[in-house]
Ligand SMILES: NC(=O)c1ccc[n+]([C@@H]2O[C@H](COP(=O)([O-])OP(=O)(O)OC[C@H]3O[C@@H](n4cnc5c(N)ncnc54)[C@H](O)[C@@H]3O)[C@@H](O)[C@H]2O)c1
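A single chain comes next, written as structure tokens; it is the form predicted alone.
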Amino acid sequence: MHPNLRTIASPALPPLIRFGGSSSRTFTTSASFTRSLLPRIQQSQCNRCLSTSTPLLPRHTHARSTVDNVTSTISYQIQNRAIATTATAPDGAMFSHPPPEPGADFNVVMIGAGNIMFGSDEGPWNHSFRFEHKLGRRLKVTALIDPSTARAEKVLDGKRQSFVESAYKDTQVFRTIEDYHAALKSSKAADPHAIVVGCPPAYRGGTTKGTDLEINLLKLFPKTAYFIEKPVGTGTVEAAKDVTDALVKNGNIVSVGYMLRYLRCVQKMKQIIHENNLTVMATNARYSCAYEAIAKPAWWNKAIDMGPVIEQGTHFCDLSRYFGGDVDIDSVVARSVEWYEEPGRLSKVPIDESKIDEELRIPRLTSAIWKYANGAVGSFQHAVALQGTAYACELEVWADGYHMRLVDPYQSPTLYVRRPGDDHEERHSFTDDDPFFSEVSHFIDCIEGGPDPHILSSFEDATKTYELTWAIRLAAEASKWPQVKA
């Protein structure tokens, strides 16, 4: 039994311990752990301020205001004709980003040689690709750490035969972070500037041996910046909080990969809220996956990937929190459609589910509702229902006079806005928008004092999202109808 499951009480829904109270914490990175800036051409140092609830990403002010003025004028002229307006992306998206500047080497260690780090046909994730485009020839991957050294060598062979060969020609492969640290100290080489963590979450976010990667990193590389994939772990919420406290106390630069916060449509929503001094009334997130294409047995097993809300729906739970704020965890209620109920019988499950214990099979639909700390209401629904390959994802945000809809954020993000005085919806879409690149770019700018040093998802904030996803799972399991066997 997973330790989090021990909090289930019957018949009452399980209360969870609140994370850090209702107040948000703003913290700056300790100067004692700030690496000296690498030489950069015409680049001034920027102050870093990392917040758990950044209200608005203050970037490209002039370009954005110009676009907004044009959009406002067009909208005024056609507001009674229901014609959509499309905004062009401000400069800063990966494909319109200026070429990397020359400068000193930027040393990176990558933990994990799998799809999240080096890409696959399953989706757009590929951290190495974004680091290559941000840093250019400055990038030097000094080590690739993976227990499967054969897999690591294979991906390196591919990189060394490409135009980014200079970044990987001297990369060494190690099985563990301890092995790399020992080799580094014996060679008396400098610590890396950044460590990118893309290993499975079962190995991180905890305090017990085998799950305590971040704790080990703090011991071995206390002054290095960390970029960590989501979710923060698969262990207990309390363990994740302990890791958070250790990271905050040490003062490291830490960014967690909730990349949807960096979408220009999402930042446009934040801009509207900020400029009109709005208070969010409600959020409603819906995530419908195309289950027919998910042929990974672990995803269908709650004991391994922890269920679709924690493993997959976490991005939309995080976006909900990004707009609604801290959640009153005790208020979370949820219901589910289970695999053994008539509505939950799927016709195209791509794996042999009979090999999974019945108690560990995932729900087909989970629907949750909660109160935010300020009194607003949040709701979330995850459905294992669609076939084919395309997902259907949408987030709605309401405020006085405003309704904002973010549609298809993974493939073709589009924002629809209804404002006071006009019953028609504006339409905003941004070309050349790559949130994966944006989060990496901001992370590096925080290390070097670059132009956009804004981390939108700290480990502390990501742990709050982890707590919410577990609260939804626990509430749904505590209220599910029992299986009636023939």
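Because the structure is a prediction, the values reported are computed rather than measured. Counting begins at 1, following the sequence as shown.
The same protein has a further form, the form predicted together with the named molecule, not shown here; the description that follows concerns it.
In summary, among the residues P147, P100, P350, G103, the only one with a non-hydrogen atom within 4.5 Å of the named molecule in the model of the complex is P147. None of G206, G325, P409, P201 but one reaches within 4.5 angstroms of the named molecule in the model of the complex through a heavy atom, and that residue is P201. At the 4.5 Å threshold, heavy atoms of P413 stay clear of the named molecule in the model of the complex, well away from it. Although the partner is absent here, E229 lies within 4.5 Å of the named molecule in the model of the complex, judged by heavy atoms. Using a 4.5 Å cutoff between non-hydrogen atoms, Q271 does not count as a contact of the named molecule in the model of the complex. Using a 4.5 angstroms threshold between heavy atoms, E311 counts as touching the named molecule in the model of the complex.
Comment: 139-147 is the region of 214-222, 139-147, 246-254, 332-340 lying near the named molecule in the model of the complex, near meaning a non-hydrogen atom within 4.5 Å. Residues K296, E311, H315 are the members of 280-318 with a non-hydrogen atom no more than 4.5 angstroms from the named molecule in the model of the complex.
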